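In structure tokens, the next block holds one chain alone, the form predicted on its own.
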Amino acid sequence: MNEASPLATVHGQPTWQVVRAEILRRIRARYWEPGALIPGEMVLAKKFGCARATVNRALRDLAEEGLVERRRKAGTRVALHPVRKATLEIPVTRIEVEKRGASYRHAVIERETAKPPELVASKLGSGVKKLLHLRSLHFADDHPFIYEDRWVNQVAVPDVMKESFEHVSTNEWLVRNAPFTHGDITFGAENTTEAEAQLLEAHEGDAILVIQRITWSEKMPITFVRLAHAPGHRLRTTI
């Protein structure tokens, strides 16, 4: 099988995304069969005309996707049974509501700078002292859509302290202004407390979808958020 033409470059060298795409193309085209050993990083770097670190970053991303298997001193192999993963993005709640054909608004219920509770502190690391705490309610056609309880690390995102969040939600502002490198998401069904039931126009004890999400910029925690959805909410993603 013929190899590809020279890769697209930025400042004379291909980016790790370009290298990743080319490696993936070769895997899908069976240039490297399932289980086959992929050439080493130095060999690929010379072939693609880039730094070894660029190849390493591309292979790490493919390994995280379950498409290749990397073992120390044993090299990188094409996965025999690639793991298919769902693609999850952090949605902007306003856009999510508007796509449903509803009008959107949000309201900040509480804003403070405070020491986080033990659960939040344990998730974000012992180095976190005080965080910006915001409780907000998102509406669809003036009906509660999501109750958001969020803690933001102002050290990671100092500009957050300047924003009033009167015209843009914390969710949308962070998506625009706080790029993250990785995160953790937990989904669960919980029963509403009395306070949550009042906010969500539900009955106490109703089952609701609750999402807890943490995002990081390298080793710096950005935010911890708990999203309590109104009864009947459905989550859709792709595979």
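The first residue of the shown sequence is 1; numbering continues from there. Between two forms, the rigid core is defined as the largest C-alpha subset superposing within 1.5 Å. Everything quoted here is computed from the prediction, not taken from an experiment.
We do not show the form predicted together with the DNA, though everything after this point is about it.
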Original post:
Thinking of 39, 52 and 76 as one candidate spot, does the DNA come within 4.5 Å of a heavy atom in every one of them in the model of the complex?
Top reply: yes
**OP:** Pick the stretch from 174 to 182, 187 to 195, 42 to 50, 23 to 31 whose residues have a heavy atom within 4.5 Å of the DNA in the model of the complex.
**Re:** 42 to 50
Original post:
Heavy atoms within 4.5 Å of the DNA in the model of the complex: does residue 70 have any?
Top reply: yes
Original post:
Is residue 217 close enough to touch the DNA in the model of the complex, meaning at least one heavy atom pair within 4.5 Å?
Top reply: no
Original post:
Even though the DNA is not shown here, does residue 221 get within 4.5 Å of it in the model of the complex, heavy atoms only?
Top reply: no
**OP:** Report whether the minimum heavy atom distance between residue 212 and the DNA in the model of the complex is within 4.5 Å.
**Re:** no
Original post:
Taking the rigid core as the frame, does residue 18 move its C-alpha by 2 Å or more between the shown form and the other one?
Top reply: yes
Subject >> residue 51 C-alpha relocation of at least 2 Å between the shown form and the other one, rigid core basis >> reply: yes
**OP:** Determine whether the C-alpha of residue 37 shifts by 2 Å or more between the shown form and the other one once the rigid core is superposed.
**Re:** yes
